[in-house]
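One chain comes next, on its own, written as C-alpha coordinates: the form predicted on its own.
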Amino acid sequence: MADIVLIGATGGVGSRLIPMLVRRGHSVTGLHRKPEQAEDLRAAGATPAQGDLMEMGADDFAAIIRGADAVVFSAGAAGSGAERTTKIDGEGPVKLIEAARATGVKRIYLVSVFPDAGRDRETSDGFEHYMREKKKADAALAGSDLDYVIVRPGTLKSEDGDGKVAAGRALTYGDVARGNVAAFIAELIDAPEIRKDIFELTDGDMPVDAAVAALRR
(Lines give C-alpha, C1' and ligand atoms only; values in the text may rest on other atoms or scores of the structure.)
Protein backbone atom coordinates (compact mmCIF):
# COMPACT_ATOMS: atom_id res chain seq x y z
CA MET A 1 0.00 0.00 0.00
CA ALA A 2 1.23 3.47 -0.89
CA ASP A 3 0.36 6.91 0.43
CA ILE A 4 -0.81 8.98 -2.55
CA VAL A 5 -1.51 12.71 -2.63
CA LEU A 6 -3.85 13.84 -5.39
CA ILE A 7 -3.72 17.47 -6.55
CA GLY A 8 -6.93 17.94 -8.50
CA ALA A 9 -8.94 15.48 -6.45
CA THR A 10 -12.33 17.02 -7.28
CA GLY A 11 -11.80 17.18 -11.05
CA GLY A 12 -13.00 14.81 -13.74
CA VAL A 13 -9.89 12.63 -13.62
CA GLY A 14 -9.13 12.99 -9.92
CA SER A 15 -12.63 12.16 -8.70
CA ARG A 16 -12.52 8.93 -10.71
CA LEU A 17 -8.99 8.09 -9.62
CA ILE A 18 -9.69 8.19 -5.87
CA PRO A 19 -11.92 5.08 -5.68
CA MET A 20 -9.59 3.21 -8.05
CA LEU A 21 -6.64 3.83 -5.75
CA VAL A 22 -8.65 3.01 -2.63
CA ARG A 23 -9.74 -0.32 -4.16
CA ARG A 24 -6.08 -1.11 -4.79
CA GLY A 25 -5.35 -0.62 -1.12
CA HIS A 26 -3.71 2.78 -1.29
CA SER A 27 -4.18 5.64 1.14
CA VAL A 28 -5.27 8.83 -0.65
CA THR A 29 -5.11 12.47 0.42
CA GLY A 30 -7.05 14.81 -1.86
CA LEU A 31 -6.52 18.55 -2.22
CA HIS A 32 -9.72 20.57 -2.42
CA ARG A 33 -10.49 24.29 -2.56
CA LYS A 34 -14.04 24.57 -1.26
CA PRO A 35 -14.81 23.54 2.34
CA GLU A 36 -17.99 21.74 1.26
CA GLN A 37 -15.94 19.38 -0.94
CA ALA A 38 -14.30 17.76 2.07
CA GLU A 39 -17.23 15.49 2.87
CA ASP A 40 -17.42 14.19 -0.70
CA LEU A 41 -13.75 13.28 -0.54
CA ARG A 42 -14.22 11.46 2.75
CA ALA A 43 -17.17 9.57 1.28
CA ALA A 44 -14.95 8.48 -1.62
CA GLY A 45 -12.37 7.15 0.83
CA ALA A 46 -9.84 10.01 0.74
CA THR A 47 -8.49 12.27 3.45
CA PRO A 48 -9.30 15.89 2.52
CA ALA A 49 -6.66 18.62 2.55
CA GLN A 50 -7.88 22.14 1.86
CA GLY A 51 -5.86 24.55 -0.27
CA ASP A 52 -6.22 26.99 -3.15
CA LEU A 53 -3.77 26.48 -6.00
CA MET A 54 -4.02 30.18 -6.82
CA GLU A 55 -2.50 31.01 -3.44
CA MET A 56 -0.39 28.00 -2.47
CA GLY A 57 3.39 28.22 -2.44
CA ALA A 58 5.98 25.45 -2.34
CA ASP A 59 5.84 25.37 1.46
CA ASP A 60 2.08 24.79 1.35
CA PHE A 61 2.56 21.90 -1.06
CA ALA A 62 5.30 20.51 1.17
CA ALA A 63 3.01 20.47 4.19
CA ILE A 64 0.51 18.33 2.29
CA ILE A 65 2.84 15.90 0.51
CA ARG A 66 5.34 15.26 3.30
CA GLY A 67 5.63 11.51 3.84
CA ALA A 68 3.81 10.59 0.62
CA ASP A 69 5.04 7.83 -1.66
CA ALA A 70 3.74 9.57 -4.78
CA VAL A 71 1.87 12.68 -5.89
CA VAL A 72 -0.53 12.96 -8.81
CA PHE A 73 -1.08 16.43 -10.28
CA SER A 74 -4.24 16.38 -12.38
CA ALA A 75 -5.47 19.90 -11.64
CA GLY A 76 -6.19 22.41 -14.38
CA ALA A 77 -7.65 25.86 -14.84
CA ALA A 78 -10.17 24.48 -17.36
CA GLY A 79 -10.34 27.61 -19.48
CA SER A 80 -11.07 29.94 -16.57
CA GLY A 81 -8.66 32.66 -17.67
CA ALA A 82 -5.00 33.34 -18.38
CA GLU A 83 -4.05 34.18 -14.81
CA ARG A 84 -5.52 30.96 -13.45
CA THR A 85 -3.91 29.00 -16.28
CA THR A 86 -0.51 30.44 -15.37
CA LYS A 87 -0.93 29.83 -11.64
CA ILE A 88 -2.45 26.35 -11.85
CA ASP A 89 -1.25 24.67 -15.05
CA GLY A 90 2.14 26.36 -15.27
CA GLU A 91 3.32 27.36 -11.81
CA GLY A 92 1.50 24.66 -9.83
CA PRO A 93 3.69 21.74 -10.97
CA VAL A 94 6.84 23.87 -10.58
CA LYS A 95 5.97 24.58 -6.95
CA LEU A 96 5.23 20.89 -6.47
CA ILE A 97 8.69 20.01 -7.79
CA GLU A 98 10.25 22.37 -5.25
CA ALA A 99 8.13 20.86 -2.48
CA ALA A 100 9.05 17.32 -3.53
CA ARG A 101 12.74 18.14 -3.36
CA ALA A 102 12.30 19.69 0.08
CA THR A 103 10.39 16.71 1.48
CA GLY A 104 12.15 13.83 -0.25
CA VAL A 105 9.10 12.77 -2.25
CA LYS A 106 10.38 11.22 -5.48
CA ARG A 107 7.42 10.04 -7.56
CA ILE A 108 5.34 12.61 -9.44
CA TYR A 109 2.62 11.85 -11.99
CA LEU A 110 1.59 14.87 -14.07
CA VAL A 111 -1.46 15.03 -16.32
CA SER A 112 -0.46 17.29 -19.21
CA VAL A 113 -1.79 17.71 -22.74
CA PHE A 114 -1.25 16.08 -26.12
CA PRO A 115 1.08 18.33 -28.20
CA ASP A 116 -1.28 18.02 -31.19
CA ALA A 117 -4.25 19.44 -29.28
CA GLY A 118 -6.23 21.97 -31.30
CA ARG A 119 -4.09 21.74 -34.40
CA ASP A 120 -7.09 20.86 -36.58
CA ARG A 121 -8.84 24.17 -35.87
CA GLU A 122 -8.25 27.87 -35.35
CA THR A 123 -7.18 28.44 -31.75
CA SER A 124 -7.49 31.37 -29.39
CA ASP A 125 -4.74 33.30 -27.59
CA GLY A 126 -5.98 31.76 -24.36
CA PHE A 127 -5.59 28.25 -25.72
CA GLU A 128 -2.07 28.94 -26.96
CA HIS A 129 -1.19 30.38 -23.55
CA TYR A 130 -2.51 27.18 -21.97
CA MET A 131 -0.34 25.05 -24.26
CA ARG A 132 2.76 27.11 -23.43
CA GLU A 133 2.15 26.83 -19.68
CA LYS A 134 1.62 23.08 -19.93
CA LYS A 135 4.89 22.72 -21.84
CA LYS A 136 6.75 24.79 -19.25
CA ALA A 137 5.51 22.48 -16.51
CA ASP A 138 6.43 19.39 -18.54
CA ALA A 139 9.93 20.73 -19.18
CA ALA A 140 10.46 21.59 -15.52
CA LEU A 141 9.45 18.11 -14.39
CA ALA A 142 11.38 16.29 -17.14
CA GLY A 143 14.45 18.32 -16.23
CA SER A 144 14.19 17.49 -12.53
CA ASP A 145 15.83 14.67 -10.61
CA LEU A 146 12.44 13.20 -9.68
CA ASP A 147 10.95 9.87 -10.77
CA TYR A 148 8.29 11.47 -12.94
CA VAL A 149 5.75 10.17 -15.42
CA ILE A 150 4.03 12.75 -17.63
CA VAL A 151 0.73 11.62 -19.14
CA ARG A 152 -0.47 13.53 -22.21
CA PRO A 153 -4.11 12.64 -22.88
CA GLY A 154 -5.98 13.46 -26.06
CA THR A 155 -9.25 15.40 -26.00
CA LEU A 156 -10.80 14.64 -22.63
CA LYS A 157 -14.33 13.26 -22.66
CA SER A 158 -16.53 13.28 -19.57
CA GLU A 159 -17.09 9.54 -19.54
CA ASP A 160 -15.92 6.65 -17.38
CA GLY A 161 -14.57 4.82 -20.41
CA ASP A 162 -14.36 1.12 -21.17
CA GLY A 163 -10.91 0.48 -19.72
CA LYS A 164 -9.30 0.15 -23.14
CA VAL A 165 -6.66 2.61 -24.35
CA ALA A 166 -3.81 3.30 -26.72
CA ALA A 167 -0.66 4.39 -24.90
CA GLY A 168 2.80 5.16 -26.19
CA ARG A 169 5.51 7.75 -26.58
CA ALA A 170 4.05 8.97 -29.88
CA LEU A 171 0.45 8.39 -30.99
CA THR A 172 -2.02 9.69 -33.53
CA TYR A 173 -4.23 12.27 -31.81
CA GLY A 174 -7.65 11.20 -30.54
CA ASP A 175 -10.18 11.36 -27.74
CA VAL A 176 -9.89 9.73 -24.33
CA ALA A 177 -12.43 9.23 -21.56
CA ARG A 178 -11.49 10.79 -18.23
CA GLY A 179 -12.16 7.44 -16.59
CA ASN A 180 -9.62 5.79 -18.85
CA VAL A 181 -7.04 8.43 -17.92
CA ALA A 182 -7.68 7.72 -14.25
CA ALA A 183 -7.39 3.96 -14.79
CA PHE A 184 -4.11 4.43 -16.66
CA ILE A 185 -2.64 6.50 -13.82
CA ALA A 186 -3.81 3.99 -11.20
CA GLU A 187 -2.07 1.22 -13.14
CA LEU A 188 1.10 3.31 -13.50
CA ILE A 189 1.24 3.89 -9.75
CA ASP A 190 1.34 0.13 -9.25
CA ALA A 191 4.23 -0.09 -11.75
CA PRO A 192 6.81 2.18 -10.05
CA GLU A 193 9.58 0.82 -12.26
CA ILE A 194 8.05 2.95 -15.03
CA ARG A 195 9.63 6.33 -14.38
CA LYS A 196 11.29 9.28 -16.08
CA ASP A 197 9.05 8.91 -19.11
CA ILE A 198 6.32 10.67 -21.09
CA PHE A 199 3.31 8.90 -22.58
CA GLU A 200 0.52 9.98 -24.91
CA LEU A 201 -2.87 8.43 -24.25
CA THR A 202 -6.12 7.99 -26.18
CA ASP A 203 -9.00 5.57 -26.13
CA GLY A 204 -8.03 2.37 -27.89
CA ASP A 205 -8.28 -1.39 -28.04
CA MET A 206 -5.86 -2.56 -25.33
CA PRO A 207 -6.92 -3.12 -21.70
CA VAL A 208 -5.23 -0.61 -19.41
CA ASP A 209 -3.21 -3.21 -17.51
CA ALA A 210 -1.85 -4.67 -20.74
CA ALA A 211 -1.10 -1.19 -22.10
CA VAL A 212 0.94 -0.33 -19.03
CA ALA A 213 2.70 -3.69 -19.07
CA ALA A 214 3.75 -3.01 -22.65
CA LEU A 215 5.40 0.25 -21.57
CA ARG A 216 7.83 -1.46 -19.22
CA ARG A 217 11.34 -1.17 -20.61
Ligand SMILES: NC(=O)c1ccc[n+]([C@@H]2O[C@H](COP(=O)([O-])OP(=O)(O)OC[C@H]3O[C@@H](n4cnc5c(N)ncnc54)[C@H](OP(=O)(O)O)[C@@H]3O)[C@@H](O)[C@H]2O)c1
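Residues carry their position along the shown sequence, with the first being 1. None of these values were measured; they are calculated from a predicted model.
What follows is about the form predicted together with this ligand, which we do not show.
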Note: exactly one of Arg42, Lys164, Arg66, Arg33 sits with a heavy atom within 4.5 Å of this ligand in the predicted complex, namely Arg33
Of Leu156, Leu171, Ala62, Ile150, the only residue with a heavy atom within 4.5 Å of this ligand in the predicted complex is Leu156
Would you confirm whether the three residues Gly8, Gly12 and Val111 all fall within 4.5 Å of this ligand in the predicted complex, going by non-hydrogen atoms?
-> yes
4.5 Å heavy atom contact, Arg84 and this ligand in the predicted complex | yes
Any non-hydrogen atom of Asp52 within 4.5 angstroms of this ligand in the predicted complex = yes
Wondering, does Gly76 line up within 4.5 Å of this ligand in the predicted complex on heavy atoms?
-> yes
May I ask you to check whether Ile88 falls inside a 4.5 Å heavy atom distance of this ligand in the predicted complex?
-> yes
Could you list the residues in 129-149 that come within 4.5 Å of this ligand in the predicted complex, counting only heavy atoms and keeping sequence order?
-> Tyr130, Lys134
